[in-house]
Each structure stands twice: as C-alpha cells, then as structure tokens.
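Quick heads-up: the structure tokens below are two forms of one chain, split into structure 1 and structure 2.
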Structure 1
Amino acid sequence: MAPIPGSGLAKGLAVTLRTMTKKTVTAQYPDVQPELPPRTRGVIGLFEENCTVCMLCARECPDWCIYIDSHKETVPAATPGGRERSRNVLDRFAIDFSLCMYCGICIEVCPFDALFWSPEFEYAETDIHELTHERDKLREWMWTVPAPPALDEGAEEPKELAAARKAAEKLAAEQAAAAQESAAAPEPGEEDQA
C-alpha cells in the first residue's frame, strides 16, 4: 500500500496545531526570575577572616583558576617570655570564573570554612578579563550566601556552640555575682555616718 501524497505534511501540521493550543512552559528569563533551590551553585564567596593562606584550594583546583599571594608577618609573643610566631597574611585572593568549572572542590577542601557557594549567577561581563574576581569582589558575594539549613529536631548541638554558650553563661554568672557583691558592700563614707 502506497502512502497518500501529502500525508507527511498533514501530520506535521497536526503536531504544530496541537502545540500551538497548549500553554508554553518557557520562562521568559530576564522578565521572570527563576526559582532556584536554596543551595544553588552560582558564584564562590570568600570569608576572608577565616582564610589562613594554606593554599589547599589553589592546589586542589583542577582548573588552576585560583590565584593566591601572601607574605609572612612576625607576631609578638602572647605571654612574657614566650616566643614570636610567624603567620601568613593574605595579599591577593582571586578566582578566574572564565576558567572555573564550578566543581566545588575548593569549597570542600577548605579546612577553615573560608569559601562558600552563593546562588548568584548573574555576573556576566563584556570583557573576559573582568571575570577574574579579586578578594574585594569575592567578599561582596558573601552577602548573598544563604544561612546553613537548620539542624534536625533532636539533633545534637555542635560542640563549638555548646562550649561557647557555656563560656558565655559562666561569664554572665561571674559578672552578676560581682555586681551583687559591689551592690551589697557599703560605701566607705556610709560606715562613718552610722
């Protein structure tokens, strides 16, 4: 049996008419912002205070897109008779996002929680050289990093938080006791009047 001439065209037009009557699923991106999951991988933010210039992130990066420069400073002894220490001071921390493949290895290997994922993804540039974000730009991305998810109900409190809370409660109790003692003690001029 031979196909009917023009049947392929009729089938194609039927598909076109069927899809024309359905609602579109395309999101008009610039006008409608997408609803992203809360821990979306966008850009990497730097929490500079936690960075100890250990260079693990730069060494483990498969793309070699992290650039770190530092120098050593001598820190005086904390106690009399102690010895001086040297520490690394961060001079430059930059990530070249034109090379980065967003694998997240740098964030995972950082032992001091200095790197975080930000869900921001709108940072396109007209010049490829502007995609190398220096530490001031990486610090700005930290404002967009979402808070970590809450602990499950019944989960054990982290040891760091428990120790900090106990230390704060102990300090508050000592200050309250000192305030009570100073309030209960008579002033030097009051004893003479009695």
Structure 2
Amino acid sequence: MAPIPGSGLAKGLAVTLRTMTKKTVTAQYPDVQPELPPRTRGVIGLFEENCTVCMLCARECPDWCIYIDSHKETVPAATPGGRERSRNVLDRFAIDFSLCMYCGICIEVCPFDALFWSPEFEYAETDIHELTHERDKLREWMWTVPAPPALDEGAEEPKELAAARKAAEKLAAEQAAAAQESAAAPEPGEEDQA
C-alpha cells in the first residue's frame, strides 16, 4: 500500500517530539564526572616494587616513550660460602605521555605485573615537558588503579588459581590418605569386615 501523502512529514515531527521527551545524552563534564568503563585506558601506573628492570616495556614500546635507568648492586651471599648475587636497582622510570599512544603493549608485556592501567585522565599540562611522568608520579597513579573486574559467570578459572587449587587438593588428598593409612594400620582386620 502506498503511504499516505504527508505521512513522512508527520513522522519527522513525531521523531523530534519523542526525542524531546527522552533523557538527553549531554555529558556534563566537568560538573559531572564521566562513568568510565572498566579497563579504561587513562594513565599508566608503575608498581615499582615489582619492577626488575628487565627493560621489556622500554624495548617493546612503539613510541620509545619509556625511559629506564638502573644500576647493579651486589647482594652478599645469603648462606656462608654461597655465591654473591647481583640485583638490578631502578634509578629512573619515566613515561612521556606526550608521546605515548596508549597502546598498552608495555602493560601486556611486563612479566612481573609492574605496570597497570588507571582510569585517571585529568593530567593535562600547559608545558609539554610536564607530561613526562617520573617514577614517583607513576607510583602515585598506582593508588588509582581499580581492582581487576570480576570474571564473567562460568568463565574459565584463572591459571594461577587453578594451579594453586590443584596443588592444595593434591596435598589434602595425600594428607587424607596418610591419615587413613595411619588410622587403618593398627587394625587391618576391621576394614575388611566392613
């Protein structure tokens, strides 16, 4: 059936009127802070206690915007007659956010969980040099890193948890077997009767 002439005009009016009664989508930042999704890429925090100065992040960074300085220290042997160990000590860890393209490769690549995404985004500066965040500032961002979002229902168990649980279960089973054995050992006859 052909549409009634002018129905398109009425439809147009209806659309605008309906939109008027709906809630607006205007974000009232900075009066109202935006609701950011989990895993928002705002700024990178450094948990420097975990950093071993392996330099993987600096090497993988496509922009080469991570600067790391370190020196080696020797740690005296833990046991008498043991070997002295050498340890990397972090002197400088800086990320230049004027170069960073927020790809997150450094965070992905870090084998020791020393880098994290933080949702904070209000760190604009008037001087571009101040966008290079040194290690103390990067350490401060760590306080703003949210807890990792909960896993989806029915999701596979995280590998480390699975491994830990398996080990614990194995241990418990061994202990139970040992206890049973020690309990059963004095009177083996009873068990047979039962």
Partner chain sequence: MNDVLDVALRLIVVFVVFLTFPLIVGQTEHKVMAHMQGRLGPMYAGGFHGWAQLVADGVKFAQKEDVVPAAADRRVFQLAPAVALLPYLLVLVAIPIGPGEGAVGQVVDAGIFFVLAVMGVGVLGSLMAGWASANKFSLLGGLRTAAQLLAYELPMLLAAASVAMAAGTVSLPGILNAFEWWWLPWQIVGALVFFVAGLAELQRPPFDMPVADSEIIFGAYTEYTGLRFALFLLAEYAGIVVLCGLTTVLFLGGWHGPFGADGLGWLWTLLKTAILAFLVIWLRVSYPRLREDQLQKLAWTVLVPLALAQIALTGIVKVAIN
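Only the largest set of C-alpha atoms that superpose within 1.5 Å between the two forms is called the rigid core. Computed from a predicted model, the values in this text were never measured in an experiment. Please note that residue numbering is based on structure 1, beginning with 1 at the start of its sequence.
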_Structure, 1 versus 2, that is the form predicted together with its partner chain_ = 2
*Comparing between structures 1 and 2 on the rigid core: C-alpha of residue 152 shifted by 2 Å or more?*
yes
*Would the C-alpha of residue 169 be classed as shifted by 2 Å or more between structures 1 and 2 after rigid-core alignment?*
yes
*How much does the C-alpha of residue 22 shift between structures 1 and 2, in angstrom, given a rigid core superposition?*
7.3
